[in-house]
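There is one chain below, alone, in structure tokens, taken in the form predicted alone.
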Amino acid sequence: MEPVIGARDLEKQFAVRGFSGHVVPALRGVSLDVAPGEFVGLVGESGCGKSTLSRILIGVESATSGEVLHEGRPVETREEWASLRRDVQYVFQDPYGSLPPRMRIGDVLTDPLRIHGMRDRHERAARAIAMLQEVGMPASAMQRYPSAFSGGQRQRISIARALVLEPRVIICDEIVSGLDVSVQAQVLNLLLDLQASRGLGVLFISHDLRVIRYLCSRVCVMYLGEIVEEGAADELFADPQHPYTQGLLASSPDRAAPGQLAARVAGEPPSSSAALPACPFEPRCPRRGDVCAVEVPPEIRLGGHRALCHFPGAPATAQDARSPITDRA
């Protein structure tokens, strides 16, 4: 099935205030697609570029280079962006800050319909009520303000607002990170139900691998503005190829495999303004070699699974960690 939204070789650089000509790379050649009915996870540490990518995909920010695609075609004109935003909606991270505090929920839900040309007031209200009920909220919520609701209820309302235009894809940016665990489960199960009933495509952004594993059919792992590994969720979790992915999995509380290093990824991401080696992960990699600092990693493909690494393969074990990479076959 043709993707609804995609990115091709997106680059994003931010100018450093006070330093003429100095830029910080936020995205470095990112490509991905989201098709109807597909649950795609985007995972990585804070600051790796996940939210920057999502904002570019809906046109809130512009890319330095590369293309945003809608149904396979580059999005360039104002009309093309308007068409994309009808098909692709966004659910924000903060359920308390994403809803206008002085607007009744009814107005929050019906305004997008009015803006997009639905002129009949009664039809707008009926659509909004139906959408509230679909996310498990009563019709009486239409007359209330956001302050009357809990965080989990507000996130349900935010999902209803995203879906009221009947988009084909929604982008969810860390939407359960601030919620209690029990409420998280309710919201995640709601998303799964909506995805199944509507054939909805979802780009789900998170740093929580347990959530990604529960929800997603395909996973993209991002490090310093670059997708370093991508594949079907079952395959990627069972056989991660990139050492960064392996480190993320090893740090997950529910991931305790015999012989694997159980520590978190070593070190911290480098400063955004620091000069990076050819492989940006090289300073933190447990099995780096001399080539990693001077040659850009090749793309290794195993069926539909791909990774950018000079030395892909099984996770390091305690015995491997004592042996330099140059000693391995």
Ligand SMILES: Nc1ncnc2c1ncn2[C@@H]1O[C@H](COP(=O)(O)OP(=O)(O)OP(=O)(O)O)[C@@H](O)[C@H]1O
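Bear in mind that the values here come from a model prediction, so they are computed numbers and not experimental data. Start at 1 and count along the sequence shown; that's the residue number.
Only in words, not in the display: the form predicted together with this ligand, which the text now covers.
Proximity to this ligand in the predicted complex, defined as a heavy atom within 4.5 Å, singles out one entry of E295, D290, E67, E45, which is E45. None of 51-59, 277-285, 298-306, 29-37 except one has non-hydrogen atoms within 4.5 angstroms of this ligand in the predicted complex; the exception is 51-59. Though the partner is left out of this view, E174 does reach within 4.5 Å of this ligand in the predicted complex, counting heavy atoms only. Taking the partner from elsewhere, H207 is found to have a heavy atom lying within 4.5 Å of this ligand in the predicted complex.
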